[in-house]
Ligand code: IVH
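Given as C-alpha cells, the chain that follows is alone and in the form predicted on its own.
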Amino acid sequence: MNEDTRKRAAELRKALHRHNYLYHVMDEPEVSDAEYDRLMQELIALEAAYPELIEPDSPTQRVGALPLEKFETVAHSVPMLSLENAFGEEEVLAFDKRVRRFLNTDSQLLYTAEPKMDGVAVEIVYENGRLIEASTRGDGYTGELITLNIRTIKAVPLALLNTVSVTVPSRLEVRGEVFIPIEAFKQLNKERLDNDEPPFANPRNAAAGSLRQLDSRITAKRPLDIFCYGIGRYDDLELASHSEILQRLESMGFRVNPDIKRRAKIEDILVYYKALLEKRHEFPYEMDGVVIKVDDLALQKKLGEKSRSPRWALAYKFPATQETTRVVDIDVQVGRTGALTPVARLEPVSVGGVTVSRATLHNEDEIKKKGIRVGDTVLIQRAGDVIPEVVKVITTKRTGVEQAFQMPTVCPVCGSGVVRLKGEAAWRCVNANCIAQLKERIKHFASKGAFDIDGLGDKLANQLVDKGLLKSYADLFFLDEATTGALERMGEKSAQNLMDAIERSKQISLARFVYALGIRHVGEHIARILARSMKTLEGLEAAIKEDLEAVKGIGEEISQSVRAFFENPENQRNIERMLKAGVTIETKEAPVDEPLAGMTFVLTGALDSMTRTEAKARIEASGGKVGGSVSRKTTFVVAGKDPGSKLEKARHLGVRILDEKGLVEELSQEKRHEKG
C-alpha cells in the first residue's frame, strides 16, 4: 500500500465525518445522497483491500459488529443521578425558594430549561477527540457498555470536530438521551406487526430495547437518534455555565436540542413549560416534561447533591399520556363513507388529565395483529386531541374469560350488507342511505374546514336526522326557524343563531366547498389542489379522468373517486339544490403557481391570529414547506410570543426572521398577486 492510498482513506474519513455532521446534526447537507454513497463505497473498497486502514472511528464501522455474549459494566466517573420530580407550579416555585435559601441569597437566579426527552440516558466517552466508550445510565453509578451500539447512531460523532476555534479536550464524557422519532417508531411497529412480532409499547421502550441488543447489527437497523444535554468529567476545558456547556457541545459536533430555554428567570421557565405542554404533540419526538437546571456551574457545585439527586436540577413533568385499563366491550361505528370502525369501550381512566372511556381499534386486521379481546387489560395512549388508541394487550393479566371479537356481517345501524373490497382494510356498509353515514356526512359538511356552521354540533345533527328533517346536507339550507326552534333544547334564540350561521356559511371558497362534499380520498389538502387547478366548480365537474391525473398530487385512485362522485345523480341534485338555495362559490382564480414554492419556514413561539397547525396548513397550501429545525437553507423563521432557541440559531446563521405580521403579509392575496 502506497502513501497516496493511506492519504485518500484519511481524506474520505474526514469528508464523511463532515457530511454526517452536516446532515444529521445541522440539517444542511452539502452533497446529495448519491454522492455520499459514492464516497462511502470508495472507503469501504479501500478498507476491504487494505484492512490495516480500518480505524475505530471510521464511518464504515457504524453498521454493527458480531454479537456479544453479554454486556460488560463500567463505572461512571461522575454519577448520573436521577432528578427530583415536580407536578405543579407550586412545586417549581418551592424548588426555586429552596435553592435560593440554600445559597443564602434573595437575588433572582438564572436557569436553563430543556425538553425532557422520553428516551434512554447514555454516556459517551471521548479521548483526544475519538469515541472510545459508551454506556447506559444503569443505576447512576455503574452502567452497561454499549459502545458498539452507540456507534451505529449516525448523529453521534465518532470523532470530534477539530477547528481553530474549538479545543478538543483530552477526555470528555458526554451525556445524552437516545430516542426514536415518533413517525419512525410508528413505521417500526407497523413492520413488527406485519412480521407477527409484538409491537413496542412506546418509543422509549423501543429505544431501550434497541440499545440493549447484543447484536449491534440489529441496533444499526433501528431508527435511533440522540440529543446531548450535558457532560460528566471534562479535561482541559474552562466552563462557567450549563448554557456554555451546550454551546461547546454544539461546536464539537454534537446534536443539542434546538428548543432549549437558556438563562431565564423562574417565571419565564413556567411560561416556557406551558408553551411546550401546549404544543408537545407537534414535536417529532416524545417528551414527558421540562428539565430545569441552575445555569451557573459554580452555584451547582455549591448546591451539591442529595443521596440520589442534585439539588440544582428539577424535572417538571407533563401529565401522563399512557395508562392501562380494561376493554369492557367493542362497538362498531359507521362513518360517512360507510366504513365500519371498531371502537373499544373502556373502564374510564384518566390519561393526560382527560377521562378516557373509548379508544379506536382502527379495523379488523389491527385487532387481529394486536390480539385484542373483550375483557383484556390494555395499554392505551392519547396524543393531542386525537381519539385514544390501544397500544398493546397486557397478556399476563388474562384470566381466561376474555372473548375474541368478530366483525359484524351486516351494518350495525341499518342492517344492510357489508363488503370488504380488495386491497382495503375496512368493511363498508353498501347502503348509501344508511342513517349513520348521513349523520357523519352532515357533521363533516358543517365542520370548521368545510362550511363551518357554528352551533351545528353532533347532538343537533343527530337530532335533525332522527327527526327526518335532514335527508342530505343540501337540506340544511332549507331549514326554517320555526322547525328548528321546536327541537329539544333549542328554543327561539338558539334556532335564530343556527339560521344566521347557515346564512353566513353560504359564501364559501371552492376549496372548502369541495372538501365539504366528503368525496372519498379528498381531504383539505387535495381539495385545495383541485380548486387551484380546476379554478371553478364547473371546471371540476367537467374534468375527465385524464385531466385530473395530469394535476400534480392527483393519482388514479383520487381521480376515479372524484369522477364517481360527480357522475352520481344524487350528488348532482344536492349540489344543484345548494346553489339554488343561495350558496355562492368564490370564483377568484388562484394563481397556478404556488407563491411560496421553494421556501422553507420554521415556526417558533405562539401566534395570536392563528394556531401553529393553521399556520402550517396555510404555508403548505401556498406551496411552502414547514421545517422542524433551522439551517442555512431555511428561508424564514417566524417568531411569535416566547420564541425558543430556534430564533437564536436563525440570528446566528443569518436567516431572515418574520414576526406574525410579516407571515400574514407573505400569505396575503395582495402579496401573491405582486409576486405573480
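One rule holds for the numbers: they count along the sequence shown, beginning at 1. Predicted, not measured: the structure shown is a model, and the values here were computed from it.
From this point on, the text means the form predicted together with the named molecule, which you will not see here.
*Asks:* Heavy atoms within 4.5 Å of the named molecule in the predicted complex: which stretch in 81-89, 208-216, 329-337, 569-577 meets that?
*Replies:* In the other structure, the partner sits against 81-89.
*Asks:* Is there any non-hydrogen atom of Gly605 lying within 4.5 Å of the named molecule in the predicted complex?
*Replies:* Answer no; every heavy atom of Gly605 is more than 4.5 Å from the named molecule in the predicted complex.
*Asks:* Contact with the named molecule in the predicted complex for Lys443, defined as at least one heavy atom pair within 4.5 Å: yes or no?
*Replies:* Contact check for Lys443: no, nothing within 4.5 Å of the named molecule in the predicted complex.
*Asks:* Is the gap between Arg563 and the named molecule in the predicted complex 4.5 Å or less for some heavy atom pair?
*Replies:* Result no; Arg563 lies far from the named molecule in the predicted complex.
*Asks:* So in the predicted complex, is the named molecule close enough to Val391 to count as touching (4.5 Å, heavy atoms)?
*Replies:* Answer no; every heavy atom of Val391 is more than 4.5 Å from the named molecule in the predicted complex.
*Asks:* May I ask you to choose, among Val256, Met534, Leu438, Val291, the residue with a heavy atom within 4.5 Å of the named molecule in the predicted complex?
*Replies:* By the 4.5 Å heavy-atom cutoff, the listed residue in contact is Val291.
*Asks:* So which of Arg262, Arg137, Arg248, Arg528 reaches within 4.5 angstroms of the named molecule in the predicted complex, heavy atom to heavy atom?
*Replies:* In short, Arg137.
*Asks:* Of 86-115, which residues get within 4.5 Å of the named molecule in the predicted complex if you count heavy atoms?
*Replies:* Going through 86-115 in order - heavy atoms within 4.5 Å of the named molecule in the predicted complex - the hits are Glu114, Pro115.
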